[in-house]
Structure formats: C-alpha cells, structure tokens
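Okay, here we've got a single chain as structure tokens, the form predicted alone, with questions on binding and movement later.
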C-alpha cells in the first residue's frame, strides 16, 4: 500500500513514516523540503500517483490568526482536490482533542475549518484527535510566559507522547476509513499548571508558574475538562514521568 504523509519530515510525520515502513508499506514523506508544497500545489499530483492513503500531519509555520487560517484552508483544499483527481480512497488527518471547544482561539478555528473541509470532501476519512504531546510542553510554557512568570489555568490535561500518537495515526491509516473521529491520550491526568511546573523544574528552568483561573490557552479561556478526551479514547503507554527521565 502506498501511503503519502503530508508533513512527513516533522516530529509526528517522520515517526509515522518509520512505523509504516516497518510494516511493509510504501510510505512517502511529502513536505516542502521534498518538493511538495500544499500551499501552492507544487508536486502534489506527482507524489499522489498510485497512493491509496494520504495522512496529513502538517502544521502552519505561523500561529498568527489569519496566517494559520490561510494555511489550513488553502493547503487542505489543494490536497483534497489533488486526492480526488488521484483516486485516493482514505484521507487521515491529525487534529487536537478539544478543537470544537477552543473556538476563541484562531489556531483552533483554523483546525475546525480543516476538519469541516475533510468531512465535506466526499473522500472517505479518519480524523485522529490527540491531546497535547509531552514534546509540546515547552511551547505551552512559552506561550503563557510574561517575563519570568508563566500564567496557567488549573484545569485538567491528559498529555501523550508523540510515539503513541504516531502509532495511532499509522494504525488508523491502514484500517478502514472511520468517517469519524478517534482520540488518543496519555495514561495520566494532570492539572495544567502543575504539569508545566514539573516540566520546568525538571529542566532547572527558573520561571515561576502562577495559577490563574482566567489564564488563556492560545487565546481561549478554559473550562475544567476542555482539554480532556472522551471516555472512549485510546490510551498511550508512556507516562510523563518516564518520558522526563528519558530526556534527562
């Protein structure tokens, strides 16, 4: 089976490529550095020749509201059109748990547009909703930092390691299209402020985490369970404590 991975040179994409290759599939990385640009359409027709499945794990280079909306709308539209012309029979996209509840955020509004385009495309699809990756904790801290203070809400979060996300994306891609969602989360639930506090302490980062019920998360105010998956989520195996130990 030929599987084209859009964003195949990134964190998740490279792991998906490796896993699919181990199971005997022809996995092709498609990204600007391999000559495929979903924003312009360059290289799409060529890379999709003979492909049965397309996995989209690409991300916007900018999180600015208009830029991220333009990225997901344009790239997804171009990709779905090229897939239709190439006869692709399964489109798999990676998105985020809670996207529909985070619509105050420009980033998540753009992800919602991406998901809607996929659902309305007529191509059989599967959408994988992942909780935030352990590897993205630095990004959450950076976005919430003002000077030496990191302001975060005391809400629940169930982060997951990128390897477990990649495994779920790969398994989903080689299965029958769901025409719906599957969720993947880590094994442990934390409070967001406490999780980032642990992560900073493990790296001897001197910033202070301040608990603030109204602290925004990428411009969205959070409720207690906004970031949590539903009861039927797949659960990864690697704990945050084990992952931290591996990093050190």
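Since the model is a prediction, treat every value here as computed from it, not as a measurement. Numbering follows the first chain given and starts at 1.
Heads up, the form predicted in complex with a small molecule isn't pictured, but that's what we're talking about next.
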For a quick test of understanding: in the predicted complex, does each of 12, 96 and 132 have a heavy atom within 4.5 Å of the small molecule?
yes
The unique member of 28, 57, 192, 53 whose heavy atoms fall within 4.5 Å of the small molecule in the predicted complex:
57
Report the stretch among 124-132, 84-92, 146-154, 171-179 that approaches the small molecule in the predicted complex to within 4.5 Å, counting heavy atoms only.
124-132
4.5 Å heavy atom contact, residue 4 to the small molecule in the predicted complex:
no
Does at least one non-hydrogen atom of residue 214 fall within 4.5 angstroms of the small molecule in the predicted complex?
no
Spell out, yes or no, whether the shortest heavy atom distance between residue 43 and the small molecule in the predicted complex is within 4.5 Å.
no
Non-hydrogen atom contact residue 185 with the small molecule in the predicted complex at 4.5 angstroms
no
